[in-house]
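Just one chain is shown here, as structure tokens, and it is the form predicted on its own.
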């Protein structure tokens, strides 16, 4: 949640900060602000609203050679000019931007107020600026002031701090919320996401939890909270600025849906072994003997990542015949899970920084669990914390709603299931069948995308419904859950997903002409049972939009997608639901890429 960008160097800081904030706006967009230092003078501007509103409020003479900026997703205090970041200390000398949540903010606020400090905002973040402001007067060192202030803090943070008395220096710190340094030519950057840096540099350094850094135009140094220096090696980011452009599409979401033939091909590239009909996944860091030793697979993720995990669990059980299930990472970490030595744990996160998932990984590692990561962002926290894993190579995903990352994750699970299966008891013939099916996916996704005009018309037809029911059996159930998720998060139409067999156990009471049902009906061994469910809905005068491999008179409308192997069909059945949700949101004039109350990378609890 929220976005941070910082710059120190010879150029105009304000313009760099504003451009960086625009690239980070998908992380939070209810308010924005920046602060710059020049000649020991601190200037700030912050507004409720979008980064464009902030840019309009920044005067032409708002100059400085170092500064920090922030785009906010509110946690403490409603969106407002006052609650926007940066926050200043009482002397107006220190400015702080903060991602995360300070859990003991109320206690610290009471203590500081007792010492005569007057707070301006309702935020927990202002506690940090007031603490640093008091410490910097005592120590005359911004590095020492930030280190001391953070020792009083309980919670998560990614912060950047500037001091009007030190115009050429910025201090950043991380604990549970990402901070990345960008190395330029006689200039330095910092941000919560490489998206803000990519136009200026592709050389980056990730801070670890508990680590701080001082950045100056001529370089940086990193250290721990107890002042031990740390050594960091920069690496080159594969993405460039072009990956963050909308490519002429009206919305990033439509661009990312349309990219899926290419992104799936990248996820597959170099990973199918035709000699043994197995997936080549060297990043797992497991030999065949270790792979065979696992008796269960447990998958954790949040939101769409969790639903892709449900799809993955089904694939693993079918192909590898290993018991597998998926669970929300946010629940897993709080229920004191039993961590078994013969269980393989898989953590999913597009950003690789999702806080609930990262915390669950850390708990698993503490208890000795073997954890793999499926992430899209190279060098992210989950990628560094896990024992091995699979990179998606889907490219940056800017729209808040996940599409191409979801699909690539499902494909990655198919590869993992194939790998586990062939190491165990999956026959070479079945291995060949799945390999051939995986190779067909990119072209079949292209074929589905040609249905966009038809799906647009259906979305307009159903968009005014007060709600929608999504149903699917076994392989179709995770598809239904993800379809409902997409519709509700970008169109704000209430949508619920149920196993088709569960309708008669309660939800059937909701069926009426006003509540349409989207039914996932693959052409598999459960086809007849699914068609019987459609009959039950029709008998209650419910309208039905069927997504499957054939038409049916039991449905009012049908979307027919190409057929693959039964195990891989759910991947394809997801694509039309993405287009359906997108066009429903457009018809309802929603802010498609930035839906209300949501942010892309959830780095708070």
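Worth saying up front: this structure is predicted, and the values here are computed from it rather than measured. Residue numbers count along the first chain shown, from 1.
Not pictured, yet referred to below: the form predicted in complex with ligand F6R.
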Testing 141 to 149, 349 to 357, 200 to 208, 516 to 524 against ligand F6R in the predicted complex with a 4.5 Å heavy atom criterion leaves exactly one stretch, namely 349 to 357
As a check of understanding, the residue in 322, 101, 108, 302 with any heavy atom within 4.5 Å of ligand F6R in the predicted complex should be identified as 302
From 372, 315, 401, 394: within 4.5 Å of ligand F6R in the predicted complex by heavy atoms is 401
| task | Answer for residue 489 alone: is it within 4.5 Å of ligand F6R in the predicted complex, judged on heavy atom distances? | result | yes
(Q) Just checking whether residue 330 would be counted as a contact of ligand F6R in the predicted complex - the rule being heavy atoms within 4.5 angstroms. (A) no
Inset, instruction - Give a yes/no on whether residue 156 approaches ligand F6R to within 4.5 Å in the predicted complex, heavy atoms considered. - result: no
*Looking at the partner-bound form in the predicted complex, is residue 485 within 4.5 Å of ligand F6R by any heavy atom?*
yes
